[in-house]
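Single chain ahead, by itself, as structure tokens, in the form predicted on its own.
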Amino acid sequence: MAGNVTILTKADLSTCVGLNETALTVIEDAFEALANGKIVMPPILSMDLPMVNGEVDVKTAYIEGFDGFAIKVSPGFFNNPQLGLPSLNGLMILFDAKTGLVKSVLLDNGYLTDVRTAAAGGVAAKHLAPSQVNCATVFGGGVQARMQLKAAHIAKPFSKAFIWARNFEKADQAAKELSADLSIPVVATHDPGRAVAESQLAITTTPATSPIFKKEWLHPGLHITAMGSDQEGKNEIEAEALMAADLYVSDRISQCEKLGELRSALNAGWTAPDIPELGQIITGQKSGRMSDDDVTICDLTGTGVQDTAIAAHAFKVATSEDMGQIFETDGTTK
């Protein structure tokens, strides 16, 4: 029997899903489901392709109670800008949770991944940053640097921000755009250490393979969200910083051990204490920040529950607004 498949383009998805409080709630709920064990989430299928300076990740999760579950394919080919092409692209496929039939193909070119990744940073800031954040610093000059700062501002509105990147011109351009978007002064800096010293929140968004954030920059009342390390070999935070923090939180311990900042700290000899996951902080199963003077670090490698949650949300909103093109599986269109 033929079924209907809804094709949603990036234009459709960017119209119906934005980086806002709703997106943060969708991802917060996904982490809560992860903590409560109402999910099936296999390990990430990851291919490192150094011969073409590329990588491909496949992530998925089944969340109990959801009408559908998503499988996401996310390629990153980092020589593409030299060809006039974007580095990141990809798609999500949403399946019916009861029948396994394809419900929708979401041709988002990585847009939904960008939204859910930034939203996770916002959720981390909400639950782990100190009660008052006056200033934030973001590391990186790309799309995720911009989106992470926006998400953090939704969760913890601050009045000033700094941005640092290896390419100062990129940082300066991002700072100008963010100043306009957030209506606060965002300043590109050559001195990230001084910027962090003024900040209560720092966010790292780079593909660095050697640390760009130093242990000596830690100070009372600082929260760090690290989201750049999501592949073996990547490392943004000095291992000693994780060891010195009052609280280290992972999004998924088994992933962070292999792909995140935790991997580098373990390789440096850290005997990690009982590590909480972000979802456990949200649900109250484990303690989070104990005082505004604590130093906290959240390690985000990206989870399949985030992909299923954002895909299901996007499909619900899009279909309620009659967006997308419907195909019969026999090849006809409606």
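For every residue, the number given is its place in the sequence shown, counted from 1. Being a predicted model, the structure only gives us computed values, none of them experimental.
What comes next is about the form predicted in complex with a further copy of the same chain, which is not displayed.
Taking the partner from the other structure, a further copy of the same chain in the predicted bound form has no heavy atom within 4.5 Å of any heavy atom of F168. Put simply, F69 is close to a further copy of the same chain in the predicted bound form: some heavy atom of it is within 4.5 Å. Within 4.5 Å of some heavy atom of a further copy of the same chain in the predicted bound form lies at least one heavy atom of M323. Using a 4.5 angstroms limit between non-hydrogen atoms, W217 is distant from a further copy of the same chain in the predicted bound form. The candidate site formed by L49, T99 and N109 is fully in contact with a further copy of the same chain in the predicted bound form, as each residue has a non-hydrogen atom within 4.5 angstroms of it. Note on contacts: among S264, N89, N134, Q173, the single residue with a heavy atom within 4.5 Å of a further copy of the same chain in the predicted bound form is N89. The listed set G221, P207, G142, P75 contains one residue whose heavy atoms approach a further copy of the same chain in the predicted bound form to within 4.5 Å, identified as P75. Residues with any non-hydrogen atom within 4.5 angstroms of a further copy of the same chain in the predicted bound form fall in just one of 51-59, 282-290, 28-36, 269-277: 51-59. For the partner-free chain shown, V5, I7, T9, K10, A11, D12 of 3-32 come within 4.5 angstroms of a further copy of the same chain in the predicted bound form, judged by any non-hydrogen atom.
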